[in-house]
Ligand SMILES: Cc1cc2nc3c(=O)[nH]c(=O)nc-3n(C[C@H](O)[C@H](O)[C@H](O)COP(=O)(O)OP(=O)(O)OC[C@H]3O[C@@H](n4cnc5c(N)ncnc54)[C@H](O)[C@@H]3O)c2cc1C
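Here you get one chain, nothing else, as structure tokens; it is the form predicted on its own.
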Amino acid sequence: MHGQKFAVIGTGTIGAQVIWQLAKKGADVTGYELYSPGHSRGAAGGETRLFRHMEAEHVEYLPVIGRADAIWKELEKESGRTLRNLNGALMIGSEGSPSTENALAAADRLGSSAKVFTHKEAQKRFPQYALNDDEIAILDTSAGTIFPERTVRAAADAAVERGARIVRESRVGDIRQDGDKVSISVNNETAIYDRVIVAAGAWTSSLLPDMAQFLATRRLLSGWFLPAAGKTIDGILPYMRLDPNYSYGLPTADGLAMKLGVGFPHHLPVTSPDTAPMRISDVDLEPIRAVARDLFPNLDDYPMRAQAYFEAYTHSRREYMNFHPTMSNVFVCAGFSGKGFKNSPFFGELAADTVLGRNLSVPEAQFILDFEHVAKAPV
């Protein structure tokens, strides 16, 4: 590593964690950010994200979540900032569905920190939710709310404190590898690095056209809902509702409103966040309003506020963490939607250790690097 120079393109959800980890490990690293760390246009927008130990898709991620949790605590200590509020979260699912069975398997492995409630028990314990007759609930007592913009800024600031540089409000226009060096163009100048890590989120396909075949770029919406007249949402917990009725939600920090969101089928396909529509119509809002009507008897069904932001998915819904298909010194971090923010500290460590040639802190996580992603025409 001595004498090598590293660049991180994008200092958002993942990139801020990567540059912090590289700086911690003594690397000479520069980050490039289109806006400024903690901006609301990308995947870190929306004020809150869900941290959970429960896993409803791939139980093999449980060691990853455990390591991420430890690094979360480390970042909070180093930054001196509160980045999470871990007061518990619910996972709601239909009995017998594959995702619910996975969640129950995860709950079994988590032991006393996960509590399973029958439908009748859940409705008595959590009356704020109107569950379907076949739905049960699992309380993840160590889960809760992440404050995403604050987290990104904390990681970026911690990196700078350790000697990293972040070039703000700068657009990287081109990335090329020539021999064992990688050049990037930014602000009409060219900089040369030994390794480049691209963590550009929804801008990845625009920056690296070869990656478009692996990614689906989407515009997501969040809606914030106040209680109906005479009602309250006191004591309501963050939640995730599993397929086939997928949705998620978190109360605002002041407890006065509930943020709700829906899944991939309701996300607008876009080519790039730079050209995507930002106007939110009533038609756009209807899937989120349907969640408010269906699951929350105490909420008004029209949002007091709505926000659009952008994310990239892989076709498998598993993160792409590997070297670029044709540039061996460019490491790509993309497609984290669904697992990204809660595990972002670990993904930052994984990327840093990989480009530095170090052993993984969680050897079982090798499957993330080894996963073979399917290429498809952009949709």
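When you see a residue number, it is the position in the sequence shown, counting from 1. Since the structure is predicted, the reported quantities are computational estimates derived from the model, not experimental observations.
We do not show the form predicted in complex with this ligand, though everything after this point is about it.
Stretch-level contact check against this ligand in the predicted complex with heavy atoms at 4.5 Å: of 293-301, 81-89, 125-133, 193-201, the positive one is 193-201.
Relative to this ligand in the predicted complex, residues 39, 220 and 340 are all within 4.5 Å by at least one heavy atom. Though the partner is left out of this view, residue 21 does not reach within 4.5 Å of this ligand in the predicted complex, counting heavy atoms only. For residue 170, a non-hydrogen atom is located within 4.5 Å of this ligand in the predicted complex, even though that partner is not displayed. A residue is said to contact a partner when one of its heavy atoms sits within 4.5 Å of a partner heavy atom; residue 350 fails this definition for this ligand in the predicted complex, lying far away. Looking at residue 50, you'd find a heavy atom of it within 4.5 angstroms of this ligand in the predicted complex. The partner is absent here, but in the predicted complex a heavy atom of 207, alone among 107, 216, 242, 207, sits within 4.5 Å of this ligand. Scanning 44, 54, 29, 332 against this ligand in the predicted complex with a 4.5 Å heavy atom cut-off leaves one residue, 44.
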